[in-house]
Structure formats: C-alpha cells, structure tokens
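Let us start with two forms of the same protein chain, each given on its own as structure tokens and named structure 1 and structure 2.
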Structure 1
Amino acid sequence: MNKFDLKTNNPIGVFDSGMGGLTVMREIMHTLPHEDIIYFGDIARLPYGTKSITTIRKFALQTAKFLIKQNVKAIVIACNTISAIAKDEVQKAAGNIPVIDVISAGSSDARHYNKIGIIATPATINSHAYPTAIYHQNPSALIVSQACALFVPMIEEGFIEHKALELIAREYLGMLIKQNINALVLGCTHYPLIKGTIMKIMGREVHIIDPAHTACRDLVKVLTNKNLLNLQKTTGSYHYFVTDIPLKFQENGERFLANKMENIELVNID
C-alpha cells in the first residue's frame, strides 16, 4: 500500500465529474472553515454515467493521482457514479489517504429506516448502487427508486425556485408518497439545491437524507480519529481545478457553493 506523508495543514481533495460536487464542498467549507480544499471537476469529459465501467475507472484514477500530487490528506468522492463504480480503485491508489464517498455516506444513514425512497439521475438509479449498499446493512428494508432526469438541467439553468420545477417534482415524487416512505435519499449532488421544494412536497414525516451532509460528517470523523484536523485559526483557502470552463460555469458554481469562486485553473490530466 502506498504510504503518503499526511499533515494537518495539507488540503482536502474533493472531486466530481462536474460541478454537482460543489454542494459537498459547501458542506465541508461550512463545517470545517479552517481547512484548505482543492476541488477537481472533470467537466470536459462529463457525463460519466453514459460511459463504460472501464472508462469511468480510468478517469477516476487519473483524478485521484492528480489530487495525490497536490498532497491532499483526504479524498472525498463527490460523485455518485464514481462512488458506485470506482471507489475501491481510488482507495487502492490513495494508499493511506482516507477516501470518503457519497454513496457509502448516504446508505449508512438510510439503513436506519424501513421504507426508503431514492431519487437520482437515471444512470445512478440503473447502477442499483444505493439499494445494494442499503440492503447490505439492512436486508429487510423496502426501497423504492425514482429516476429524476429533468432535475439536473433545470437546476443548472437556475430554475431552483420556479413553479415548473415544483410541478415536475410532484410528478416524480408522487409514486414515493404513495409508498408511504419514511426516508428519502437525495442520490445526486445537485439535489440539495432543491431540498426545500422536495421537503415541501414530501411532508415533515419523511426524513431527507443528504449524502453531502453525511459525507462531510464522515470526513470530520476520519480526520479527527487520524489527528489530521487543521488547527489554524484563519479561514481556509480554496482552489478549483477543472478540465473545461463552459458558459455560466462560475455563475452556476457560485450558486452551488453559495460563495464566490476564485482561483479557478484549467488543467488537462488525460
């Protein structure tokens, strides 16, 4: 196993195939304000969900190696597709660098409930990653999955509080309401941005599980146990590496982060 020199002042690495993982970074920024964070978005090669398993693993390993070169002390896989397909490969490359992923985090919380709904992109739903992870921990759980293909484009177009989004959400969530679920997993890193609409439709009785939040909680636990929390008193620095900068990237990114984006660098890791 590769052994890297992990220090408290090393940055945390967060990566995704696009910008959805910025909701995970936002949680980390809020919970661990003194930590330096490096974000990597492989925007030039998205979407990952339509690519072969071999290609996804290749891309994930390229990103992991890039982050390792940045001397990160932890890696957070803020992408459901990569979490489902390539976590083991990333952890192997990372050696003693801890790796946290959103599917493990979300399913760990969901296992405490007996009727669980999962909403995600068609690619994540078709991977069966969340049900597999949940059933492994709670074999008696009833799990209902719903693909929500229109959520991501609507969120990226800024229709977060639009009436059209609510109408579409009611269509998607109607079947889950009929199943009387008591927990709902937000199986896409874009979905925390519309959590308010989802909660309004599902009602207070349904517990909303946000893997971005639980992944951050797991990260805090790992860094604490390994004595790797940054003890500096100043606010952490943030650096963004992307493989493409499309139109509205910064505008959308700042909406996801609820913060200004600076230090954006274009890189080629292929």
Structure 2
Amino acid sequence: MNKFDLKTNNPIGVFDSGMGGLTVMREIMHTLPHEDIIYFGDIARLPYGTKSITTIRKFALQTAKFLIKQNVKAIVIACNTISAIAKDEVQKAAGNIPVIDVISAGSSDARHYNKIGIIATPATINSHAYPTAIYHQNPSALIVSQACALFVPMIEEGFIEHKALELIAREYLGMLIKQNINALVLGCTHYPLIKGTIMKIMGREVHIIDPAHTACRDLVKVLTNKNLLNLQKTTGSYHYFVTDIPLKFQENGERFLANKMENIELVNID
C-alpha cells in the first residue's frame, strides 16, 4: 500500500468531472472554514456519466494521481459517477490517504425511507451502486431509479431555472411520481443546483436527499479520528484546477459555490 506523509496543514482534495462537485466543496468550506482545499474539475472531458467504465476509471485515476502530487491529506470524490465506478481504484492509488465518496453518504441517508427514488447519470444508474448500498442497510426498501442524461449538460450550460429544464425534468420524474416514492436521492452532484425545479415537480411530501451534507460529516469524522484537522486560525485558501475554462465558467462556478472563485488554474493531466 502507498504510504504518504499526512499533515494537518495539507489541503483536502475535492474532485468531480466538472462543476457539480462545487456543491460539495461549498458544504466543506462552510463546515470546515480553516481547511485549505484544492478543487479539481475535468471540464474538458465532461460529462463522465455517459462514458464507459474503462474511460471513467482511467480519468478518475489520472485525477487521483494529480491530487496526490499536491500532497492532499484526504480525497473527497464529489461525483457520484466516479464514486460508483472507480472508488476502489482511487482508494488503491491513494494508499493511506482517506477517501470519502458521495454514494456511501447518500445511501446511508436514504436507508431510513422505504420507497426511495434515485436520479443520477446513466453510468451511476447502470452501476446499481445506490440500490446495492441501500439494500445492504435496509433490505426491505423499495427503490426506483431514473437516469437523467440531459441534466448535467443543461446545468453546465447554466439552464438552472429554465422552461426547457422543467419540461425535461417532468419527463424524467413522471415515473417516480407514479411510484409514490417518499424520498428522492439527488444522485449527481450537479442536481442540487436544480433542486427548486425538482421539488416543485415532486411535491412537498417527497423528502429530497443531497448526499453532500453527509459526505461532509464523513470527512469531519475521518479527519478528527486521524488527528488531521487543520488548527490554523485563519480562513482556508482555495485553489481550483480545471482542464478547460469555457465561456461563463467563473460565473457558473460561482453560482455552484455560492462564493467567489479565485486562483483558477488550467492544467493538463493526460
């Protein structure tokens, strides 16, 4: 097993295929304000959710290696697709660096319900990672899954409160409404951005689960247990690495993050 020297003042590495993981980073910034964070978004190769397992694993490993080189003390896979397809590979490369993922978090939230809907990218849905993890904890749960391939490109395009988005969302969510679910997992880190539209369509009775909260709680637990919490008194610094900077990148990114984005750096990890 790879053994890295982990120090309290090393940064936390957070990654996603694109900007979706910023919804998880936002949560971490809020809960752990003294931590330095490195964010990695593979914008040039997004979306991952419609790609093959081999490609997703290859991309995830390249990113993990990049983060390890930045001396991170923990890695947060802020992407359900990567969590579903490549978590074991990432953990293997990371050695003694703890790896937190959003599917473990989301499934542990969902286990308390009995009729659960999952919406995610096609790769996450096809992997059956959520039903497998939930059944393990609650064998009597009824689970209905729906792939929503068009959500990620629309969200990255900034179609957040848009009629076209609502039309497509009604199409995707119709089947889940018919099944009378009582909880819906946002199984893609992009989806919290369109939570308003989703809630409007699903109605108030359906509890919406955003795995980001629990993923963040898992991170706090791991850092505390390993004595790796940063003890500096100042606010942490944030550095964003991306493989492409499209038009409106910063504007959209700041919306995901609900915060200013500085220190954005273009990198090539191929």
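None of these values were measured; they are calculated from a predicted model. Under this definition, the rigid core comprises the largest set of C-alpha atoms superposing within 1.5 Å between the forms. Sequence positions of structure 1, starting at 1, serve as the residue numbers.
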property	result
Pair member which, unlike the other, is the form predicted in complex with D-glutamic acid (DGL)	2
Selected hinge residue, Ser127, Ile56, Gly106, Tyr240 [rigid parts, motion between the two structures]	Gly106
Two-part rigid motion between the two structures - turning angle of the smaller part, in °	15
Backbone CA shift between the two structures, Ile208, after core fitting (angstrom)	2.9
